[in-house]
Ligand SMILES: NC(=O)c1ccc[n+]([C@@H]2O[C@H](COP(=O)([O-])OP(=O)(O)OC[C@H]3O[C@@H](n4cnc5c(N)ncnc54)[C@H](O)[C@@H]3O)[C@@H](O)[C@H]2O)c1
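There is one chain below, alone, in structure tokens, taken in the form predicted on its own.
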Amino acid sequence: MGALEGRVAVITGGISGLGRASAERYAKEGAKVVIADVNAERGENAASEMSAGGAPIEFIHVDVTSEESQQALFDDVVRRYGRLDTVLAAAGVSSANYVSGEVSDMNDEDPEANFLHNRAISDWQRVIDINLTGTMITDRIAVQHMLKLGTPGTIVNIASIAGKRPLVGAADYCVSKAGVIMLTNVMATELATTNIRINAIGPGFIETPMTAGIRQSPDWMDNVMMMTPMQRFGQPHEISSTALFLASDESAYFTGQTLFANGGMFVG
């Protein structure tokens, strides 16, 4: 039997990157997996591609910035399956202009243009809305359902090394991920006696579509390697293994923790 045999898992941001890798891993471990994302066409295609591997994976459209949309997502899952066992909140953006699947040319960027004092407030708000408020809404609604169902549950939030280390030109991203770490701490403490465990993962630089622009820029690559003692990017499966550990009974005494899978970067 797999580590998640018979359980129902919801993964926001599940059509690419860390969310997709985790969806595939959860399904291999026996979970019924629902991936959710704002891009309906890509979501349906991703679910079909992953299901071709053997384990059926469903897609449901969601806008994580909308409480109404997330409520509909979780209501639908519970109505279909009668349970909700584990949630991975992986929906996120690296910047206000980030579009999943597109690669920005980092060599053409003026670093100072991204300094906080030069950025539009609307850029800041979009990143906070998706990365932090979106994760909070996911956690909040998932917890409400888990409490009503009266069964143990696990929630894993995707934070980042950027929540602990300042990255120049990425203030909105850094602050949003620092918020995810504290959100995890507080909610886990509030729910410690309920059999609902909430933890987070703080990845370093992982080889996903979100980091493609960095990997194509020699200057950015030099900066990343200087920060990473292991001298390489992490792989999505290394994060999905961590997500599986936190979602499974193997981590039964973990709650309120952020595990930093970051190639040796010091986080203090």
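So that there is no doubt, residue numbering starts at 1 and follows the sequence shown. The structure presented is a predicted model; accordingly, all values stated were derived computationally and were not measured.
Separately, the form predicted together with the ligand exists; it is not shown, and the next lines address it.
In summary, the region of this chain contacting the ligand in the predicted complex, judged by heavy atoms within 4.5 Å and restricted to 22 to 30, 200 to 208, 47 to 55, 219 to 227, corresponds to 200 to 208.
Out of the listed residues V175, V143, M187, I130, I130 is the one that sits within 4.5 Å of the ligand in the predicted complex by at least one heavy atom. By the criterion of a heavy atom within 4.5 Å, I35 is excluded from the residues contacting the ligand in the predicted complex. In the predicted complex, no heavy atom of T86 sits within 4.5 Å of the ligand. The ligand is not shown here, and in the predicted complex it never comes within 4.5 Å of any heavy atom of Y81. Under a 4.5 angstroms non-hydrogen atom cutoff, the ligand in the predicted complex lacks E238 among its neighbouring residues.
For the stretch 112 to 128, the set of residues having any non-hydrogen atom within 4.5 angstroms of the ligand in the predicted complex is empty.
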